[in-house]
Each structure stands twice: as structure tokens, then as C-alpha cells.
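Single chain ahead, written as C-alpha cells, the form predicted alone.
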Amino acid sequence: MAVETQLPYDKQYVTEYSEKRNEPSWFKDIRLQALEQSEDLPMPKLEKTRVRNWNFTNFKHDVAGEQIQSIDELPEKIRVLLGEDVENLIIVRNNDVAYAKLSEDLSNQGVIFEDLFTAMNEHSDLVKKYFMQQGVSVDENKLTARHAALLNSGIFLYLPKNVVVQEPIQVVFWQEDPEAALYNHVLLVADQHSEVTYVENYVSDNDEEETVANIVSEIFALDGAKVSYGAVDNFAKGTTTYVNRRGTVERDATLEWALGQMNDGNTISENITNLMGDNSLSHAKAVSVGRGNQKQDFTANIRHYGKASEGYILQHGVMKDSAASIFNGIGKVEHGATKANAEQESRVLMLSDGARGDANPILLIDEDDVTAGHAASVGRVDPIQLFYLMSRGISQKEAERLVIHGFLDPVVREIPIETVQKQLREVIEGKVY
């Protein structure tokens, strides 16, 4: 059970912060109610991960980020994440948007891609309809309530009906100040029969200083919409991370997740998809590499409500040193979701004697006429594979490297921007060797 810690921000602080950002009254009310609720709500329920000594309260909340006029001003580690001639991009530096670009063509079609606080005022009814109402609830646990109370960064992306975005839309969240907390919210609404590829990167610089990242993403794919959501989380060792990504998928809609979970600090990650509509579809793919003494708890959960809905979970993790990670895969078929298909695979490779990985497949079936299956494994690098490679003149170290990259590649290759995919492979290389 988690220790209950006192939040170092009170009602007066939250009120003044909301007013400073010129937020609408309805959102200030959400903040204040969430702050009050956070005192009594429990921490997220985790079966095997103990978070008693994790840092959730030691951070600087509001840290400004300087504007930039061109992506050429960015450091190399940020620039390498961006595709060539990127048309649709937002850079969030600490808690502020430092750079924003949306193509004139998408703007003319009614696409909204902007800072969440701006959207609260300019598109208040639309944001109010979706923000922590139908996806993640404020009162789910202590950390979701704190998220709503202390929100200091966010992006809103809306696609009107029938708009198909050909080029990826990209966001980089750059935690530049080593003590800056990131309470970040991504709200993406794809209206009927629209299509988009969205990719986000989280980057930080704090190996020693302690801080917090509290991230919530709410994705809505309305009837017939198709959303491809790629993310690479790469917070440094000093950041304790809570991330809750939630998808709602309506009739004939598709939501594809491709998540690279590369944090070096302690992490709780929830990726939950609700297949609400008939013939809805979701693939939830994630990779993780753990090292040092970090602790991580990952949950991928696809819930079937619609008839003939399809949900596929694929999780691959590599653990080394004394890192420990839990991989929960949950497929839930609700009563009435006939012809649903729930499949999952969770596999963990351990590279060190002190490393630990648990793969927990869970199928909860409340309907008869369905298809469901799972596979899970935890083990070390296959010696037969190593022998085969070494018998062809490859060194043991290089053979292990090839096996590990092949093990993680089913997810890595799903990241929809080539430069981000390449960078993820380099992050994996740096963490494993």
C-alpha cells in the first residue's frame, strides 16, 4: 500500500494559478474539486509493485519555457526526433509551448492543433465535452485527481468529420529544467471518418534531481475514424512517472497504439482502450527496457463492449541489472459483445541475474460467442539462437544484440515516423549496452 503524502500546493495556489492562465470558470472548478478529492482518494491499485518510497510530491510545479523561432535553435537531441520538413509540430518546453506550426491546408479544413489552455477559451464547449468526462475520470485515484488539480501543460487536437491528415502530427514535450514537474494532458478527438497519425516524444535532463511527470492522454475515435498513436517516453532517472493513456473507440473505428516505454526512473503506466462500437478495432503494442534499480508497472487493458470488436495486446520487455517490471495484459469481454476477439502476448527477456520481470495474462470473459487467447513468457536469451548466430562467425555480444533488437522490433517498427523509430532504436541500444 502506498504512503499517503501531503501535496505542497493548496487551494489558494491552485486558484491563483488558474486565474494567471486565464482559464474559464468551469475548468477552475474542476481544479478545485480535484484538489479536494485528492486528499481522500487512494493511490492507483497495483498488485505487486510497492510505491511507498516513490517521489510524487518533490517538484517545482510551474516553470516557464523560452520561445524559439526555428527548430534549428533546438539542441541536437530534440532535432533528431523530427522528420524532414515537418509540417505539423508543437514543442512544449517545460510547461509552455515554445514552438507551434500547423499547415495552412489543415487549418483551412478546420483541424485544431494548439495548446490546451488556449483551446479551453477558443473552443470551450468542445474541450469541456471531452476533458476527463468520458475517458479518464478525475476521481479514479489520487494521481488522476492531482493531475486535474495541477495541470500545467497540454495539447488539444481535433479533426473534423471526413478530414484525412496525410502527414504525421508531432509533439515533443521537453522537460528542460531538471526540477520541473510535467502535469501534461493530451486530448485528441477524431470525428467521424477522419484519419490521423499522431506521435509524441517525452524527453528530460534530470539524472540526479527529483521531479514528477503526471501524464494523461484521452483519445476519441468516433464512428469510422482511424487513429495511429505513437509515443516514446524517455524521462531521465530522476523523474517518477505516472502515465494514463485512455482510448475510446466507436463503431467501425480503429485505434493503433505503438508505445516505446524507455524511462530510466520509476514508472506506473496504464494503457486502457474501450471498444465501445460494433466492429471497433485496437492494437496495443508496447516495448520497454529497464535498467539500474528502477521499478516499473505496466498495464495494457482492452475492454470489449461492441459486437465483433477486436483487441490485440503485444508487450515485449527487456530487463537488466536489478530492474524489476510487471507487465499486465488484460482482455475484458463484456456481456453482449458477441463475436469479439481478445488476444494478447506478453514476453520478457532478463539479461542479468538480479533483474526481474513478471508477465501476467488475464482474460475476463462475460459472453459465450467470442474468441480469446493469450501467451506469456519470461526467460533469458535463447542459447540456441545465440549458438546459431555464433556458429556463423558473430561474436557473443553482437549475437545478443541482434536477438534483443529482433525481440523488440515488432513494436519498434510500428512507430509511424522514421526518425523517431530510428531514435528509439538508438535509445534501446544505449540502455541495453
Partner chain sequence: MAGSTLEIKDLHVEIEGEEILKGVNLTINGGEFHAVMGPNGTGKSTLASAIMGHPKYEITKGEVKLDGEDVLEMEVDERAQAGLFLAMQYPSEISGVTNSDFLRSSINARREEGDEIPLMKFIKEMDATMDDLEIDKNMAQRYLNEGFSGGEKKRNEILQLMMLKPAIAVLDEIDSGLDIDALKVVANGINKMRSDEFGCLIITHYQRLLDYITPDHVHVMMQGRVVKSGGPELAQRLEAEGYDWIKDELGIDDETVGQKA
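None of the values given here were measured: they were computed from a predicted structure. Residue numbers count along the first chain shown, from 1.
The same protein also has a form predicted together with its partner chain, omitted here; what follows describes it.
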Legend entry - Candidate from 51, 389, 63, 34 lying within 4.5 Å of its partner chain in the predicted bound form - any heavy atom: 389
Legend entry - 4.5 angstroms heavy atom contact with its partner chain in the predicted bound form for residue 413: yes
Inset, instruction - Consider residue 70 of the chain shown here, and say whether it contacts its partner chain in the predicted bound form, taking contact as heavy atoms within 4.5 Å. - result: no
Inset, instruction - Flag residue 406 as yes or no: does it have a non-hydrogen atom within 4.5 angstroms of any non-hydrogen atom of its partner chain in the predicted bound form? - result: yes
Legend entry - in the predicted bound form, residue 371 touching its partner chain (heavy atom, 4.5 Å): no
Inset, instruction - Tell me, please, which stretch of 39-47, 378-386, 53-61, 363-371 lies within 4.5 angstroms of its partner chain in the predicted bound form when heavy atoms are compared? - result: 378-386
